[in-house]
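There is one chain below, alone, in structure tokens, taken in the form predicted alone.
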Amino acid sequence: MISVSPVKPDFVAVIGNVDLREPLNDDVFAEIDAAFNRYGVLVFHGQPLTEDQQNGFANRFGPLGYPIAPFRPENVERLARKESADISNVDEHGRVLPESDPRVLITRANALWHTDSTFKRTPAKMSMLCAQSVVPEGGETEFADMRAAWDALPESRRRGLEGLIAEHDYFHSRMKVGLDPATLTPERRALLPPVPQVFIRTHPTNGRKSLYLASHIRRIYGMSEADGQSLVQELVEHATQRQFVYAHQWAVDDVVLWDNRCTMHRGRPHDPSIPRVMRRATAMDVGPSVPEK
């Protein structure tokens, strides 16, 4: 039986008494899955996973997604599997990336509050980040409990948000961190067209409702762009108050899983001249949050 040590009553738990490098029987995985659905963020310490081990475990949660990186240079992949996402500031030779490298844009965007892959028609269910090299100061990942943020809104406010649909756009969030509009070619745009997502999600396992926000939101249907952006900013500020947030201080071989259906996250600043090496696997949801017509 695994050990479950909650950090907050219903948000974030440290999981022990399990080795993710080993194949897990169905009973053990069911315990982990139950903790995942309850706490939203799971922390495992001392798990030196290989890329294959990480992706194999992540695949238990659902089919793995494939990163789409329109600005990543060709033939510079540091990782072996196409499903793996490189969340690092080093190149394929282990050298720290210069600020001029287009891959740095990814790091900048990760510093915004966001939810993974909401810019895809079928968004992410679970993200799993493994740390191979960490920085001595800074570089935390912060997680916001979007269920608690929803619960804290007045009932009248919640009623007014029900039924809203937002348009999520990968390039909108990249524009916020310095993407040159001239580089947004039709070919790149075609890789990731804007998609609709619900504004409020209901968790399929426990029925809890949560805000579904991300830096990728460009507009809310039925509202002016200015009014939509104002609403998103207001709710992000509400959802990221300290009582709703957990900051994870990384150690080498930490593994953190989070439920993208009910959490939001961001990376915190650190010295960019120090190598920070992370690898992410993402299990996708069962389908679009807005039914296809």
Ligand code: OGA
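Numbers follow the displayed sequence, beginning with 1. Here the structure is a predicted model, which is why all the values come from computation and not from measurement.
The protein also exists as the form predicted together with the ligand; that form is not presented, and the subsequent description refers to it.
Annotated contact segment (heavy atom within 4.5 Å of the ligand in the predicted complex): 106 to 114, selected among 172 to 180, 106 to 114, 146 to 154, 201 to 209. At a distance of at most 4.5 angstroms from the ligand in the predicted complex, none of the three residues 125, 246 and 263 contributes a non-hydrogen atom. Interface residue among 214, 87, 131, 195 relative to the ligand in the predicted complex, by the heavy atom within 4.5 Å criterion: 87.
Contact with the ligand in the predicted complex, defined as a heavy atom within 4.5 Å, holds for exactly one of 91, 167, 140, 101, namely 140. Contact check for residue 267: a non-hydrogen atom falls within 4.5 Å of the ligand in the predicted complex. Counting a residue when any of its non-hydrogen atoms is within 4.5 Å of the ligand in the predicted complex, the hits in 268 to 291 run 276, 280.
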